[in-house]
Structures are given as structure tokens and as C-alpha cells.
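Form predicted alone, single chain, as C-alpha cells, below.
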Amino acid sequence: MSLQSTLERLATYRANNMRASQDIFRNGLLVLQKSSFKQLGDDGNHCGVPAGWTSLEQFALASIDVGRLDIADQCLQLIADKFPNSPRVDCLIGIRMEATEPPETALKYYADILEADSANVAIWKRRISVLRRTGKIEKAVNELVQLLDTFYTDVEGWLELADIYALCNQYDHSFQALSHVLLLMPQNPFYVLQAAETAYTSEDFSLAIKMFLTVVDMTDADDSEQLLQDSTPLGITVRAWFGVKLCTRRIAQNVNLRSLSNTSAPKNSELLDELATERLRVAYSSLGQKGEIAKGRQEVFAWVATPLA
């Protein structure tokens, strides 16, 4: 593989935010052996940093992932020499420290940096990550809440907070964190689906079915271009229809169950159940790219045929 194609491959991984550490390490090692990172360091640009040095940073992280700390140290030394006193270098050093040093050492390192620069979001997030990984969940939540009070638009932070609450079975708090995500990124159907599934887990079925239907509305074929009965649900839309089907059943089984969000139950839940059944039948009746019938079709057909109540 040529040097140019290797660098292009590394750039593709960065552009797609892929953490293919083994392949990145294998390709990066070829470039490092040719001493080409430093040579190409000033070519191109990525987020204000020359692309060659960004590739070296990427290679350093991959080296830590695969346990080649000797290679990681070489990369870090090259980067530190080029960018002394850089916040990004500080973060890389902290990640390298996490690989071998006790958690308390890394936490103190991050605390010292934050004392000098409390607006260093990357360092703040690394500190929260260490706290969570070492089981100090309450401290991690408190620091994450402080971070989000300061940087409200940090979607990744809200998702992290929602995930922590969900793992602690605090689904109401998890949903509240996700509601901030929906305010910041209302156009992302995956976040709406996550909120719908969280509402379902917290047994707020009226709210959950409303959000599952929102996902369907966001992802299904537009009615003006293609009639609903002629379209085939795919991907996330199928998952949303499963959610609708589950909700209609739970609502039918618990007619007097109160919604924690005071969301009114749909008046036509029987019709929604029939529609969800029809959509799931269509999804599992269609042939795949190789003409194969969807796996689990018989099981799905048997499940959707079960009476509503």
C-alpha cells in the first residue's frame, strides 16, 4: 500500500469517526517506519491542525488501544515537540497516563489542569470518564451536571448523563437528560427513538407511543411521494413500529395506568395496533438484497397475530 493511500485510509477513519484501532495501528506503523508523519505534518489541515499531525494523534490513540505503549510514547514525543503547551497534547498525555498509572494519579493530573483552565472541556470529560470507570458514579454525575451547566449545548454530555442514569435504573432522570438532547438536536430520529425507549422502560406508555410515532413520521416515506401501503419500513422505522406495537399492548392491558408525564393515551390504540401489525408484516415479508426472506419472519408473524388483550 502506498503512503498516499495509507494516509487517505486514516483520513477516512477520522472523517467517519471510526475507532478501528487494529487497522489504524497497522497502517500508521508503516507511515511511522518511513518517518513520514513529521515530513507530511504541515500538509493539509484538519480542525486547525495540519493533517499529518492529526494522523499522528490518531495513531497514538490507536497504539494505546492495542497496548503498544512504546509506539504511543514515540508519537506523543513528536507531537509534544511540535506543539508545546497545547491543550490537545495535555489530553493525550492524560489518556496515556490512564493506561498505566493508578486512577488517582490521572484524576490529580486532570484536576491540576482544570484548576488552571476550568474551560478545558476535553480534560473535564476525561476526568468524568475516569470517575465513572472507577465506580465513583455520584461524583461523575455531579461533575457532568456542572459541565452541562457551563456548556449547555454539549450534546455528548447530555447523552452521557442519560446513559449513566439509565444504568442506575433512574429512567425518569435519563429521559429528562434526553429531553435536552431533543431540544438541541430535534431533527435526529435516533435520539427521539432513544427517548421513546426510555419512556417505555419507565412505563410511561402514552408518552412512549407518541414518540415512537414521531420516529415513524421522521423516517418513513413521505405520503406525497409514496403511499403508505406501497412502502416498506426499513431500519429504524421497523424498530419504531415494534415500539408502537408493544405500547398498544401495554396500554390495553393497563387501561387505568397513569402517565407520569400526564400524556393522554391514544383514543384509537386498536387502530394503531392494527397498523403496526400490518407494517411489521410488510417489513418481514420483503426480500433482502440477495432475495432472502427476513430472518425471524415466522416468529414475528406469530407474535403480531397474538390478540391485543
Partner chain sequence: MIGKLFLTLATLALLHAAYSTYEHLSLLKALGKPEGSLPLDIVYESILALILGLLGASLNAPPLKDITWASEMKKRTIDGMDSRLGFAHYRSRGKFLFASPHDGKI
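Residue numbers count along the first chain shown, from 1. The structure presented is a predicted model; accordingly, all values stated were derived computationally and were not measured.
Separately, the form predicted together with the partner chain exists; it is not shown, and the next lines address it.
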Option touching the partner chain, based on a heavy atom within 4.5 Å in the predicted bound form, out of 209, 195, 144, 79
144
With the partner chain left out of view, choose which of 156, 149, 115, 138 has a non-hydrogen atom within 4.5 angstroms of it in the predicted bound form.
156
Hey, of 201 to 209, 79 to 87, 168 to 176, 92 to 100, which bit sits against the partner chain in the predicted bound form at 4.5 Å between non-hydrogen atoms?
92 to 100
Classify residue 29 as contacting or not contacting the partner chain in the predicted bound form by the rule of any non-hydrogen atom within 4.5 angstroms, answering yes or no.
no
Decide whether residue 218 counts as a contact residue for the partner chain in the predicted bound form under a heavy atom distance cut-off of 4.5 Å.
yes
Though only this chain appears here, would residue 19 touch the partner chain in the predicted bound form if you measure heavy atom gaps against 4.5 Å?
yes
According to a 4.5 angstroms non-hydrogen atom cut-off, is residue 125 in contact with the partner chain in the predicted bound form?
yes
Would you give me the residues of 165 to 202 that have any heavy atom within 4.5 Å of the partner chain in the predicted bound form, in order from first to last?
187, 188, 189, 190, 191, 193, 194
